[in-house]
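Below you will find one chain, with nothing else, as structure tokens; this is the form predicted on its own, and questions on how it binds or moves follow later.
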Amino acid sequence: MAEIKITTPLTDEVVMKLKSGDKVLITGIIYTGRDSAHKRLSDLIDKGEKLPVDLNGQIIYFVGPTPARPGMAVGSAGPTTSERMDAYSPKLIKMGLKGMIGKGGRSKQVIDAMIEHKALYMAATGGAGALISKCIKSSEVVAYEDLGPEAIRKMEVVDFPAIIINDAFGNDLYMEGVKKYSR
């Protein structure tokens, strides 16, 4: 299967062309955030306050990168378990978030929000954080610096590899695999 090159920010048109199982190479800006940052964003949404980043059309990578070595934008940047963001992701998707990258499955509520608002969930390969970091060309903290590695970062990426797990049609690559090999 060929890899599909996509560029951020994502549009509904791009999202609707991608299907569960597609391999993508992402170029552009992606943001990072884990559960502590997601909780803060969720609290701002609940209060009707402005978010520190415009999520419209954006991708959030669930990662807490290690410190950068000389000449690198970040250290190891492997995905964290996405389930920890499930309580917050539907709100962010409703605010315009078009993509999420992590590892592991997502809840029905997140999948339903992706269908309703045309969004995607992608997986990055766990254990490949050092290789993934080579696709990250720059990284700057843009919110919640007090969270250290879990702060929200704006990262410029080139050919960041991911695979579509959940598409905007409700397909789930993990469930397809289970069905394919169950007896």
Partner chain sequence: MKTVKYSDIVEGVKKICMDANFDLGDDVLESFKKSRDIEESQAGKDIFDQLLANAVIAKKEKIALCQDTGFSVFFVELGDDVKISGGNLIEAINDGVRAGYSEGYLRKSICHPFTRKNTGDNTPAIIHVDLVKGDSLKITIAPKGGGSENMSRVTMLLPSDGIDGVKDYVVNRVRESGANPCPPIIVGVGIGGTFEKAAMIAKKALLRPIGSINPNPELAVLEEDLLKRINNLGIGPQGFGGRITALAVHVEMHPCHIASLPLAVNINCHSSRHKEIIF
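Predicted model only: the values in this text are computed from it and were never measured. Residue numbers count along the first chain shown, from 1.
Form predicted together with its partner chain: not shown, discussed below.
Contact with its partner chain, judged by heavy atoms within 4.5 Å in the model of the complex, is confined among 131-139, 25-33, 111-119, 43-51 to 131-139.
Though the partner is left out of this view, G126 does reach within 4.5 Å of its partner chain in the model of the complex, counting heavy atoms only.
In the model of the complex, its partner chain sits beyond 4.5 Å of every heavy atom of A143. Residue contact with its partner chain in the model of the complex: L173 places a heavy atom within 4.5 Å of it. At least one heavy atom of R84 is located within 4.5 Å of its partner chain in the model of the complex. Looking at 147-171, the residues that come within 4.5 Å of its partner chain in the model of the complex, counting any heavy atom, are P149, I163, I165.
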